[in-house]
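Next comes just one chain, in structure tokens: the form predicted on its own.
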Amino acid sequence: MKNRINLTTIQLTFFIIQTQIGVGILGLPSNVFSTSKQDSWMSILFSGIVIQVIILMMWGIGRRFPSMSLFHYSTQLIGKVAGTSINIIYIIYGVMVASLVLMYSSAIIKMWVLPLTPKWIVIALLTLTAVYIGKETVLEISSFFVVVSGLIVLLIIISFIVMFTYPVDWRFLFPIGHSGIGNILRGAKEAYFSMLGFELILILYPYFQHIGEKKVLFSVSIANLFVTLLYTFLMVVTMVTFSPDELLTIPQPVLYFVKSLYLQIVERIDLFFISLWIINVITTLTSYLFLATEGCLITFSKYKNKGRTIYILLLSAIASGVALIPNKESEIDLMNKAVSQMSNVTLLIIPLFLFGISILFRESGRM
């Protein structure tokens, strides 16, 4: 792994943060509230706890094979044919998530900023930017992620301004626990899908093994904690800003409460906010194209001479093509459900299976 000695815990933390924070940040409050109502913030916290448990499992298998990514040790644990099949599943998963990111982000951009611009142009601009970043090394990608992460602070500042300038009603948070444990858990499932990105630890572990296994766990855990608290904070701000009836009808409540702000120095602060959000979309898109590209480079190693650039161009073209297919919101929702079901396999079933195999047969990649 070239340049891995230069990678730091901060880079790993922001790599995960920038992957987790993406399209879902705008629609998360509405999606979770439709299920959990005033207990939506509890659903997000519970989702963060579940994700932390999954992170521990992924870290557990990573520390057994510190110099390998999932694409390496899958074939070592269960054989070349079965391992290659698992690798292909992850490659398809990366492309599908990238397609879903393009679908939702292009729809929001057309709705709020560029209503007359053809969808394919918006998708092409997002994809080409992600390809330009994703074709670089992990060192360069993670360094870029660290730099742009400072923009998240602006998002938090804008949310605080809303709380202190907009007429909020804290009574909308009560009564606590009234929705019931069942609805809170169902809301947690909605939040969980919007917080995907932590699974990149399966691919990034060998690049960061030199910082020590405890620091790897600490970095990813800090990233998850930050994203969980950020989403919980935005959920609370949204809930006290809009009434329950309004939240059920507004698709992107975060954008609507930002639009309500009036600052003399910025006429359309919602457009400024979307500009910051697009950067998070591109970083998420870059991460999943990176995941799929890594899978191709390792799985189809005999074609490795074709290079990272060729693979990422091919995969991004497929993702863009798939993103252009849906023309109705119902079709996008169908794709969303398919990716959600596939994430259960790639984030839970396969890692747990491989972890169990490694323990049962005492397999390890340690030197």
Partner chain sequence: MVRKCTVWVIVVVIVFFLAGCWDQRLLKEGRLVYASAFDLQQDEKIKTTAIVQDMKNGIPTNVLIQGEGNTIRETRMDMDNKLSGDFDPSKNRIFLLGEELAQKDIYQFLDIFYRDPSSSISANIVVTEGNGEDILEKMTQKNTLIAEFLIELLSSAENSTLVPKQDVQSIWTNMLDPGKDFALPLISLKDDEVVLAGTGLFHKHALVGSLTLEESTLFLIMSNQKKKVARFVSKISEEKEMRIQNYISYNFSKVNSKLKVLSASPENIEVEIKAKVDITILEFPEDKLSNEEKIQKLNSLISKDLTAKAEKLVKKLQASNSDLFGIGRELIAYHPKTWEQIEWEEEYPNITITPEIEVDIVGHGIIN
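Numbering follows the first chain given and starts at 1. Fair warning: this is a prediction, and the values are worked out from it, not measured in the lab.
The same protein also has a form predicted in complex with the partner chain, omitted here; what follows describes it.
Using a 4.5 Å cut-off to the partner chain in the predicted complex, each of 172, 242 and 250 places a heavy atom inside that distance. Residues of just one listed stretch (229-237, 288-296, 70-78, 175-183) have heavy atoms within 4.5 Å of the partner chain in the predicted complex: 175-183. Between the options 121, 163, 88, 82, the residue in contact with the partner chain in the predicted complex by a heavy atom within 4.5 angstroms is 121. In the predicted complex, residue 268 approaches the partner chain with a heavy atom inside 4.5 Å.
Within 4.5 Å of any heavy atom of the partner chain in the predicted complex lies no heavy atom of residue 193.
Within this chain, residue 256 lines the site of the partner chain in the predicted complex, having a heavy atom no more than 4.5 Å away. Contact annotation for residue 153: none of its heavy atoms lies within 4.5 Å of the partner chain in the predicted complex. For the partner-free chain shown, 115, 116, 117, 118, 121 of 115-135 come within 4.5 angstroms of the partner chain in the predicted complex, judged by any non-hydrogen atom.
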